[in-house]
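Shown here is one chain on its own, the form predicted alone, set out as structure tokens.
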């Protein structure tokens, strides 16, 4: 393991999205504030409490996880695809880093962006509401694991994508619907039995449910099963994307 080279590459990915904070950090915070104001304030008074928690507090973990998922995915997918399209991926590949190290660097870059966005959303929630953090260590674990999982998913899509439209298709037609159907704005216990059963097949539900338990101490399902699903997703996406990258599958034009 080339530790110096690997950390240099990870720092490159970190600086890449931090330098574009007006595109990578600010939009997520603004949308979170809007969701809290529009949904939390307007609907909260009508819905009341869910599982003994105010509606405004209840939606914040879901908003945080939504930002983790979309930002981690977008970072690694766009970073790799941009390197392919602008023909500087070869410069990265000739560095004294193995394919595994480069792929893990991309994944870690996505995980860091997702993690930072998730933390910032929770800070906004703490500032705007009376929310308290039930299990701080578990919060960091969920943010890191899910960020890593979708950093790996983004790398996988970046490898196989042939255009930026391919990257956005997954966001628009899969990630966003699954996030919203995963209980960001509601408890699945509020659904009819058949829809509740269907929701249990949505892996993003478990990630949202797990973070909600870590933040608020309430959940619809076992938080430990949620953590298990999240870890499995992280391992699966890492293995597939790192293997394809190391073998050179579509990493060049």
Partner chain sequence: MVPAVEIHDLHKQYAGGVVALKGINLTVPVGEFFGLLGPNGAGKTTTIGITTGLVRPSGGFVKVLGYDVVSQYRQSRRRIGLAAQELNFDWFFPIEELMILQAGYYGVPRKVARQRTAHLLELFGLSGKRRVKPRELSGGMKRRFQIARSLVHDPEILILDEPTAGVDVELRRMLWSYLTQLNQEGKTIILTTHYIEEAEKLCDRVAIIDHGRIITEGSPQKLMAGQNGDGLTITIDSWTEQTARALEGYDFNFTDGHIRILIPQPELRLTEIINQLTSAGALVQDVAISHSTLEDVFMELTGHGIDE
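Residue numbers count along the first chain shown, from 1. Note that this is a predicted model, so its numbers are computed, not measured.
One more form of this protein exists, namely the form predicted in complex with its partner chain; it is left out here, but the text below deals with it.
Just one of 133, 169, 92, 140 comes within 4.5 Å of its partner chain in the predicted bound form, counting any heavy atom, and that one is 92.
When contacts are judged by a 4.5 Å heavy atom cut-off, residue 20 counts as touching its partner chain in the predicted bound form. The closest non-hydrogen atom of residue 9 lies within 4.5 Å of its partner chain in the predicted bound form. Using a 4.5 angstroms limit between non-hydrogen atoms, residue 87 touches its partner chain in the predicted bound form. In the predicted bound form, its partner chain sits within 4.5 Å of a heavy atom of residue 82.
Just one listed stretch, out of 123-131, 176-184, 152-160, 93-101, contacts its partner chain in the predicted bound form at the 4.5 Å heavy atom level, and that stretch is 93-101. Taking its partner chain as positioned in the predicted bound form, the residues of 1-25 that bring a heavy atom within 4.5 Å of it are, in sequence order, 1, 2, 4, 5, 8, 9, 11, 12, 15, 16, 20.
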